[in-house]
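The form predicted on its own is given below as one chain in structure tokens.
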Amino acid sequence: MSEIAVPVGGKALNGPGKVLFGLTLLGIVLMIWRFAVGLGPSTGLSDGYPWGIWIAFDVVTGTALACGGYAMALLVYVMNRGKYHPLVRPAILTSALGYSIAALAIVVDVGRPWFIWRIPLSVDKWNHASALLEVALCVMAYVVVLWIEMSPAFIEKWKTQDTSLGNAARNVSGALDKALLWIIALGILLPTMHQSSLGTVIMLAGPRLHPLWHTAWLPLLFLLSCIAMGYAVVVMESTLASRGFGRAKEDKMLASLGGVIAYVLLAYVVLRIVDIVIHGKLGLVFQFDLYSWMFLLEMVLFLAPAFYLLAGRGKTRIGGMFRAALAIILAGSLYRFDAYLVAFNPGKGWSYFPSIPEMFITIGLVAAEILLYIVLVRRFPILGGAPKPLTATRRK
């Protein structure tokens, strides 16, 4: 696999692209309607459930799925595993898009979004004991950091142009190269802080959160699971991109990554089980009610890919890697949904199910993210490796 990244080229709005564009437009129309009528008529939210899928999926789960850039930065720059460097730039793109969409989802979710600008600027009014403030500040900063990390891909293309934009790109290039090390360091610090703090936020629910999920170890569990989910998304993105755009395969590199993913998964599972045992919650696992079954399903989805990847460490076929990655994504997503919605009980008389507009706004946001990814990889040098060579049969 070549480290030289090149634009894929081609049309973004082909058949699937047009479908994604249509879903994006539908989401935009519904967002405008949501702002016109307010949260009450457009959502299933209530005083008992002040957050729904826009937070549980678009933010809490979505940012974890967007941790591929963070996970790869830990591996390449902290653990010094330079052989995985070709996976970094596509991972950063998925992270930048994922976090940007999550930030937009927050704007859609809050009651008075026109006051969001006050969060970073009203320093004198900060509640320094607030976990949610830390999440907000870190996410805002990390979105900026991710696009700065992504900027070399844009500059590489623009600086070849004999235009004012090309001149600006050439002038910025040198300074950016010098600053990038510090930007990368910040890009490792910020998600470490806010991903753990997402666990802190739901930990504050106290007795309203079922004991199988409520623990003082929630920040560490959220952090470990997001790293595993980040690696899983890298595997899925790389696999789908190589197939969808006809790029050179990265199968050996991804198979090697499988061992890393397995140890992260096992660390999470061991920590989760130890917490349940030492805090006397083991009996709750075998009550076989809704919460017990959800917990057991989580454990199966975490453990199955871990054992599979360990059994074929470094030799796992890409189809198996893809299925393992899918299981990890489902496991981490289910854990977050359970913690923020299923296992959260605000008391009698409260219930929540997302409204049709809520669901289609979420679908529109996801469609926009995928569409933007396609547009950017077609126009800018993000994916490494040349297209697969034509076989003799195909040349004919």
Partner chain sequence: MADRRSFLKSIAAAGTAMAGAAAAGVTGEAKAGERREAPPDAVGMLYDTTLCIGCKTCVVACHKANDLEPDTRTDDLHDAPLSLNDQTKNIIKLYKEGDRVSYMKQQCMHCVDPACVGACMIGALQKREYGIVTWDSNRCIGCRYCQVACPYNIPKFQWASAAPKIVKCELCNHRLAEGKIPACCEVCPRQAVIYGKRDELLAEAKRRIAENPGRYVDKVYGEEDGGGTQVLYISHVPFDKLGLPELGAESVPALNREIQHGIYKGFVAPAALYAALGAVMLRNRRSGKGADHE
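Positions refer to the first chain, counted from 1. All of these numbers come straight from a predicted model, not from anything done at the bench.
Quick note: we don't show the form predicted in complex with its partner chain, though the next part is all about it.
Asker: How about Thr160: is it within 4.5 Å of its partner chain in the predicted bound form, going by heavy atoms?
Answerer: Contact check for Thr160: no, nothing within 4.5 Å of its partner chain in the predicted bound form.
Asker: Report yes if any heavy atom of Thr200 sits within 4.5 Å of a heavy atom of its partner chain in the predicted bound form; otherwise report no.
Answerer: Yes, Thr200 is a contact residue.
Asker: Does any part of Phe353 reach within 4.5 Å of its partner chain in the predicted bound form? Heavy atoms only, please.
Answerer: Phe353: no contact with its partner chain in the predicted bound form.
Asker: Under a 4.5 Å heavy atom criterion, is Leu45 part of the interface with its partner chain in the predicted bound form?
Answerer: Contact check for Leu45: yes, within 4.5 Å of its partner chain in the predicted bound form.
Asker: Based on heavy atom distances of 4.5 Å or less, which listed stretch (238-246, 282-290, 126-134, 163-171) is in contact with its partner chain in the predicted bound form?
Answerer: Contact criterion met by 126-134 only.
Asker: Using heavy atoms only and a 4.5 Å cut-off, determine which of Leu303, Leu296, Ile119, Leu326 is in contact with its partner chain in the predicted bound form.
Answerer: Contact with its partner chain in the predicted bound form is made by Ile119 alone.
Asker: So which of Ala175, Val277, Ala216, Ala311 reaches within 4.5 angstroms of its partner chain in the predicted bound form, heavy atom to heavy atom?
Answerer: Result of the distance check: Ala216.
Asker: Non-hydrogen atoms within 4.5 angstroms of its partner chain in the predicted bound form: do Ile155, Val342 and Phe380 all have one?
Answerer: Not a single residue of the candidate spot has a heavy atom within 4.5 Å of its partner chain in the predicted bound form.
Asker: For the stretch 223-243, return the residues whose heavy atoms include at least one within 4.5 Å of its partner chain in the predicted bound form, in the order they occur.
Answerer: Those in contact are Leu223, Ile227.
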